[in-house]
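One chain comes next, on its own, written as structure tokens: the form predicted alone.
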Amino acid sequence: MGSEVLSPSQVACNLTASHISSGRVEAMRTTAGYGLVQGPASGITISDIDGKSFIDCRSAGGVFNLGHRHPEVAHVLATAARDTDMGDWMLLSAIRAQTAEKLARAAPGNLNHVQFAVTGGEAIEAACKLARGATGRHNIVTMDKAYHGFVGFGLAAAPASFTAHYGPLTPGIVPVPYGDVDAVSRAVDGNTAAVLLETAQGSAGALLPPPGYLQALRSLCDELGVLLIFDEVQAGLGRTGKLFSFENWGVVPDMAVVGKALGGGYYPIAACLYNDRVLAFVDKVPLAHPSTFSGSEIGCLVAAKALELLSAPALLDNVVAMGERLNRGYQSLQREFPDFVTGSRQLGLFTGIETPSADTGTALRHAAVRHGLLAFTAPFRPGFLVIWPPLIITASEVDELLRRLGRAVKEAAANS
């Protein structure tokens, strides 16, 4: 008998198991229903290396807000690679300063200063360090089911089920329920440096702030001299139909962290924007956050182009219109399958649908993949299917997404 011929994905899974982690392979099989190995991607579509195509409803948490392989971003990256390189982080850089100016001009209020980072998680680290330095205080109030990355301050703010193996964690983190102003008020004291939250919670299932919540936090922080930090890494840069998601509620924080989409799908770069109160500390300690690859010249050129594209009025209008089109489809599914689709949430293309349990969420997630949708459930709310397509999606593509989702819901509901 001849030896079995393995598919490209089986070969890749075996190599991953041997040289990265067999548990990583099994985790993907559990998540997607099979060993999905990414292959070519373009626009809103991604394929596995065996040739199966999916509408990308993950966008890697927001990395691909502009879709895959956006030609204008690709051109900037290629040109930048000919003209410059990473640059030396210690030296001053005109390119870095120009991109910082573009970010400051795009941001509401007085978020006029920028600390670059490589990842959103690193930018959160910088924000928390600067908050402690600027206030001389220690504690940081955070939200239950928050996701701020899994390093340092961000890891300490994650749910206990995700941090059990890694203690002792960074001290001074005080978690409270998201959406509960009274809980924040009770937690804040004379040793509180900042209140840190995702403006809208992504990994908890696209949770939006209750009416008046962000405004109340702003007032509380102003009253007590506490800094307000918004994590915009997932919900920001156009995802909700505004460049910064907090613009939907008319509240400006003292610091805002952006990442993921800032790299245009090509380059790892993030940023912490901050106001004059924080600047007063940075001016005294200008190397408060040294980072070798932060604000690289190539990264800043890519970020400047991504920011230009993401802030275009036509793109943001499209996000609003396509989000409303998706939501009409969700409501139709809820009427047709009321025991299975128990709700939905949507602001721009920050969307998804609720099912009754983790088991039904798993069933829908696997069915979605089988029907050509790369859509996963929220890590901290496993009954909720997150649907975040690239912001460039068209009406006909939304309709195709809904057709596939309808087939997946029908299959999962029949088997539940």
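Residues carry their position along the shown sequence, with the first being 1. Bear in mind that the values here come from a model prediction, so they are computed numbers and not experimental data.
This next part talks about the form predicted in complex with a small molecule, which is not shown.
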> Is the small molecule in the model of the complex near all of Gly120, Gly149 and Lys260, within 4.5 Å of a heavy atom of each?
Replying inline: yes
>> Residue-level question: is Val233 within 4.5 Å of the small molecule in the model of the complex, judged on heavy atoms?
In response: yes
> Do Glu125 and the small molecule share at least one heavy atom pair within 4.5 Å in the model of the complex?
Replying inline: no
> Quick one: is Glu198 in contact with the small molecule in the model of the complex, heavy atoms, 4.5 Å cut-off?
Replying inline: yes
> Looking at 98-106, 158-166, 299-307, 140-148, which lies within 4.5 angstroms of the small molecule in the model of the complex, counting heavy atoms?
Replying inline: 140-148
